[in-house]
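Read the single chain below, which is given as structure tokens and is the form predicted on its own.
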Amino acid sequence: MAVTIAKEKWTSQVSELVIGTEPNVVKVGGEAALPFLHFEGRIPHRPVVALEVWDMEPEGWPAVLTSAFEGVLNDPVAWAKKCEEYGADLICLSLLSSHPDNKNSSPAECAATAKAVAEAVNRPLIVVGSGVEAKDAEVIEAVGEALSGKNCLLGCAKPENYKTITATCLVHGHSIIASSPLDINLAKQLNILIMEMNLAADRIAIDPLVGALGYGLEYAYSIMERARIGALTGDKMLAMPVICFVGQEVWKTKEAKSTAEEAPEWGDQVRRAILWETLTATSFAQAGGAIMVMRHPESMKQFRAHIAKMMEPNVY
């Protein structure tokens, strides 16, 4: 007996975002169907992974995470090279030292670090500030100039600082991360403001501020899913690929940080923590996430194994 597969007919698609320069480019987006439903429309690119690099040695990271980068955590260039060895699609340089409560590094110091990392690896760069809006505007402006022409993805742009970061991307040929707190209307509004400054839609990535498994993942999932459906039904202000900062959310949870001695009923910490990051990332890929910023190389490996199966054709 023949089986009829119900298929949605979409009127639009997600815009394609290109990061980096030839021959080292990464492309995301371009989907004309819901995630991994190959029988409904074209899905040209798999979700990609950026491994995170800090410009200062992290404090409070569990040993299961730091052991993967032993000997390089105090050197962002060596750390980035290690991420490249692990096979990351991109390097996400987080300029945490610029935070006033950390080293309060100057924009010039951050720009020098970013330039050194860019010159040391053959991977496209994502560069983000410390989360302090005013300082990030100054830092990203200097970084954008130092990396002029390298087509990096810079952020994070928020209503308080988007003008400076957008202008930097326009002048120096970069793309932008637009961050809004789990609200579709705020995301659309910020995208409109950025595009009114003449930065093209295909140079914007949406950061919806996700949560980890068990810590708001379901709410972030629903927002991302609604955004993807909006994009496929013709809403151009939601048609940008989504970036998910998975690692920073997962590795502050008690499930990832608690040792087997501290929580014996939870079993082996290494397996638990890596699975927590893997499952968070795979869930967001199912919701439409295009770029996963992760921390542990084994999580990346397991995530990729899942994505490889999901990218196999299921055309009926």
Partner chain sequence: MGLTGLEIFKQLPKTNCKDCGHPTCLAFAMALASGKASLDQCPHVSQAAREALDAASAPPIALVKIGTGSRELQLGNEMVLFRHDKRFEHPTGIAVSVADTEDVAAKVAQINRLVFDRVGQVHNVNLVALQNASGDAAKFAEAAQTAAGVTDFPLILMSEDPAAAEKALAAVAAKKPLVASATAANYEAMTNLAKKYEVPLVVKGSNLNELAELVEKVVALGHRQLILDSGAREANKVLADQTQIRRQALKRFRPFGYPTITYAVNEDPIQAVVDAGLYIAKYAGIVVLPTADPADILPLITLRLNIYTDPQKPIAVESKIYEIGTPGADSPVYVTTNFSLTYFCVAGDVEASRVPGYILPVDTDGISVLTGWAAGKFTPEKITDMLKNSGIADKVQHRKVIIPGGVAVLSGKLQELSGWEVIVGPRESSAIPSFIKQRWSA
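Positions refer to the first chain, counted from 1. These numbers come from a predicted model, not from an experiment.
Same protein, other form: the form predicted together with the partner chain, not shown, and the subject of what follows.
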query	finding
Candidate stretches 226 to 234, 117 to 125, 83 to 91, 161 to 169, one within 4.5 Å of the partner chain in the model of the complex by heavy atom	226 to 234
Heavy atom of each of L213, W276 and Q302 within 4.5 Å of the partner chain in the model of the complex	yes
In the model of the complex, the residue from W54, F69, W61, F36 that sits within 4.5 Å of the partner chain by heavy atoms	F36
Contact test in the model of the complex: R272 vs the partner chain, heavy atoms, 4.5 Å	yes
Close approach of K27 to the partner chain in the model of the complex, 4.5 Å, heavy atom	no
Contact of R42 with the partner chain in the model of the complex (heavy atom, 4.5 Å)	no
4.5 angstroms heavy atom contact with the partner chain in the model of the complex for E265	yes
Contact set, 238 to 261 vs the partner chain in the model of the complex - heavy atom within 4.5 angstroms	K252, K254, E255
